[in-house]
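Next up: just one chain, as structure tokens, the form predicted alone.
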């Protein structure tokens, strides 16, 4: 291998390592922004650092006017069970837009378990379905309402 080829190969490796380092810095920075990490962790002995755990931001579970701010879900019994089990995989907006009855929610959960690797919810499934049926029941769609109180104007030829 010539000196030029060795140098080119070395430059490619350095470039790849730089890109990898940048990706890791961005990922770690995002982690620190999402989680409040206790600054005193750096003063701990190595054996203590292994047991230190970052905790989610307290504001993540803030409720205003009966709405969970981070997700937009209605505050009601079972809210945190839904947040902890459903928003790990998809947006809460998907929950809000899909209004179903208990039978359809249970069928959807079964489908997610069979095809999307959703874990067994155990007793939480009843809590989740009750929350969803109570707070996001099916809506009658039907035909849209007639337009009213509209000032019409004529188009000119």
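Numbering follows the first chain given and starts at 1. Since the model is a prediction, treat every value here as computed from it, not as a measurement.
The discussion below concerns the form predicted together with ligand HEC, not included here.
J.: Of 102, 118, 127, 63, which residue is found within 4.5 angstroms of ligand HEC in the model of the complex when only non-hydrogen atoms are counted?
T.: When ligand HEC is considered in the model of the complex, the option within 4.5 Å is 118.
J.: Against ligand HEC in the model of the complex, would residue 26 count as a contact residue? Criterion: heavy atoms within 4.5 Å.
T.: Outside the cut-off, so no.
J.: Any chance residue 112 has a heavy atom within 4.5 Å of ligand HEC in the model of the complex?
T.: Although ligand HEC is absent here, residue 112 would touch it in the model of the complex, with heavy atoms inside 4.5 Å.
J.: Please tell me whether any heavy atom belonging to residue 86 falls inside 4.5 Å of a heavy atom of ligand HEC, as the geometry stands in the model of the complex.
T.: Answer yes; at least one heavy atom of residue 86 falls within 4.5 Å of ligand HEC in the model of the complex.
J.: Taking 4.5 angstroms as the cut-off for heavy atoms, does residue 98 touch ligand HEC in the model of the complex?
T.: Answer yes; at least one heavy atom of residue 98 falls within 4.5 Å of ligand HEC in the model of the complex.
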